[in-house]
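Consider the single chain below, provided in structure tokens and representing the form predicted alone.
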Amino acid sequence: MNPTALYALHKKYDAHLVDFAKYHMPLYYKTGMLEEHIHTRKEAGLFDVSHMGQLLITSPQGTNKILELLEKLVPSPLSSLKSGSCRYTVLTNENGGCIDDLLIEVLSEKEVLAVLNASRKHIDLSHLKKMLPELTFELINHKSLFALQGPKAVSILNNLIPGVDTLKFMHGSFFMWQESTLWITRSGYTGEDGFEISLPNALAETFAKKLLAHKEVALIGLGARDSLRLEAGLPLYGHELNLNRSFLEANMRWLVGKPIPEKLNCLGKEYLNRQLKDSSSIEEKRVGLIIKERSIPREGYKILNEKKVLIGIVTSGAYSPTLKKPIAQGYVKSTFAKIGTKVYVVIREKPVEAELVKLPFIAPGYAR
């Protein structure tokens, strides 16, 4: 297992460490997942996400060529992105499924950064090298990645690095701190305003301690990170997204941008264009569920209609500390995917009443 640059700090703060994607990662700390979740929603949470892949992409022909070629592999428009712009998208396969979801970040006129899921980064790298041999790819191992999330994140980080408060949502820039260059984007995966910070490993612990010196900042583990993203209605690879689900089935049509194109040109375009043109061809859709009892729905639990007939399956579920009730995401047959539909989730062999609701479960706090 690989330790991150904050391994010693995690131990000092009594983190419950688990093996995740071949890394020692904190699942939770002393106060537990529930308190960590609430703290992030109310103040600011510091997440060590250094296990994720930071993939530097270069070309002698510059950023425009990089983005043009990447458009062959994703459904989102990239060519219009300028330096400092970020875009969330997915890598598609020949069948229209998702190889991974990722952030594309334009660092300069010569470099693009892709932030990849930890469990998929080597698969993504092999795929990109095979499909785009014209480009050069380098997984950056000498840098850590932090996420500072929550309503107080902007004031705290701006106190440490003046100017970050001018960043708009899904934009980034280089900043100097202690004579080192940091790449900071106003982004994250919790539904809150916040930042992702790429910095040298040698600086990671010092920087984290500077943030933790603020009483409003607490270290947050993977457990609360998952419940936060679930409340925010965000998909997780391996759960809501996988090789056999298209982004259109995942209710992520917005990835194609506006105006909606007549056709897509990425891998799997035959399948995806059929779904894009005719939504009735989408057999199952991702939905949100609120459970009427205190029972927690888990991945793989069956979803039934009012007649107790199987119509879908839960992909993620947890107790929502914000709503104070159990919630879930899942897939149901499209004919039953209407908001407000009454369904049942089979929990410990008992059908428990639930309702299909619009995602996200909570209003996002992004700095638009």
Partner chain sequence: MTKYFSREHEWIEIQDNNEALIGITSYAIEQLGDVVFIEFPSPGTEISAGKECAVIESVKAASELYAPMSGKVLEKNVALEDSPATVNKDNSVWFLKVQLSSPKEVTALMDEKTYQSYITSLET
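Numbering follows the first chain given and starts at 1. Just so you know, these numbers come straight off a predicted model, no measurement behind them.
Absent from the display: the form predicted together with the partner chain. The rest refers to it.
The chain is drawn here without the partner chain; in the predicted complex, the stretch among 337 to 345, 49 to 57, 28 to 36, 302 to 310 whose residues come within 4.5 Å of it by any heavy atom is 28 to 36.
In the predicted complex, the partner chain stays beyond 4.5 Å of every heavy atom belonging to residue 253.
Residue 295 belongs to the set of residues with a heavy atom inside 4.5 Å of the partner chain in the predicted complex.
Contact annotation for residue 16: at least one heavy atom lies within 4.5 Å of the partner chain in the predicted complex.
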